[in-house]
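We begin with a single chain expressed as structure tokens, specifically the form predicted alone.
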């Protein structure tokens, strides 16, 4: 397929903010791909969402804005200073590439037609390049594409390279477009397509089956050991009574652990761990590999669990921020596992000995966990649980969870199936009336004095809505960050470290202010939410304080504006009634 055709689709999709219109545009494009008959064209599905591989694949393009600027300069013959100036004016590196490509001399243009195959070929070489001379080789691959690109092709090439496609397309839109394109008369099609997307996390493979219009063929896609699956997520309940009303009685009630999600895969002797962001973190937890091998029966399985840190001397559980280094750090593993041990709490099972359990009721799944997981405290156990209809018993269990330094409790419907990647109403969390949010950093400001050269304050944003890519500013924080590096302070993160972590995502620098791509999720506490005209969300957090980096969370999991509004309303009621 010509890359020009894909670029034209990008233009059409970005021309409307309306989801239904985007879906219609995508329906036509998907039919076009299906009719081409070329096997390679299916990989265009990855490019639709600005990627080059399936979501579960850890390989990423990983190009910084600095390299993108060098590539634009090299391809157009315009020096980097001028490219940087244009970027500051336009605020979009893709638009810079488009404008400068239009200006370059005809003598520098190549006559070759750019294809999606060539784009994927070059982009897929980028993650493989390591070692000496890597930057030069990457520049050559990118420049080769840009030199053959038209202005509009250059726009989307650069946006794809830096991970900022800006066309407002979501996986759910692709799902609905597939259903409409190939199963327009089947109302169950979106649900069935989502089911195989959840099992595979591979849009191209799903498209390859869906385009033939045979729903019976969907059964060909199964869960696979070693291929990550999205975790099922919980909604909130205000209190125990509301939770029971939502999930029914009796309900399974479990501790809501203050740790991080770990999806455990095992086949034979091989054990693999994935985070909720589908990242492979097996190397970070060598001791847990032995726990799984020793204390869980089964030839093959996929378990859903929470890794919780504890104090080795006192055996007291520790908060997430104290042990979050276990998933961040890739070096000095032995030292970390000695200083920051974890206990694995298994609360669900998705697959066992060759059979998917996604459609089995939770009651059956939790019974199997108790059968195959041999409890070994401070290593691996099945999650603490009661099954009850009694609100008094639930309240007692809740208080014990808080006493054990956990976040609260989870309510689960006993007959519910496991729905990967969904935030479901049959699994609810009940927590104390605390004020905390997971938000994304979208800006910052350089400090002075001893913080000179580092960002010392950071702009926080929430999601505009569940289906929107837009992020809305809601406050600014500078407290909770360490002055010293974590090597010296052991926990938390310093201003210098957070600045360096954010630097690859800098979009624009103007004076002391920096615009940042929404990639890094943080947890913050705050005193209250106020209405505000200073931030485009319409709200402001009063005294926000950083508590933890959330590398286990994707920006799409940040709190939405609706959640902020709900918390705002709830706190007003609390003030009113004391």
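Numbering follows the first chain given and starts at 1. All of these numbers come straight from a predicted model, not from anything done at the bench.
This protein has a second form, the form predicted together with a small molecule, left out of what is shown; the following refers to that one.
The stretch that touches the small molecule in the model of the complex, counting heavy atoms within 4.5 Å, is 419-427, out of 208-216, 90-98, 244-252, 419-427. Each of 261, 410 and 431 is positioned with at least one heavy atom within 4.5 Å of the small molecule in the model of the complex. Within 4.5 Å of any heavy atom of the small molecule in the model of the complex lies no heavy atom of residue 70. In the model of the complex, the small molecule sits beyond 4.5 Å of every heavy atom of residue 365. Using a 4.5 Å cutoff between non-hydrogen atoms, residue 138 does not count as a contact of the small molecule in the model of the complex.
Interface residue remark: residue 176 is not counted as part of the site for the small molecule in the model of the complex, having no heavy atom within 4.5 Å.
Contact with the small molecule in the model of the complex, judged by any heavy atom within 4.5 Å, is made by just one of 347, 351, 398, 320: 347.
Taking 266, 276, 199, 326 one by one, only a single residue has any non-hydrogen atom within 4.5 Å of the small molecule in the model of the complex, and it is 276.
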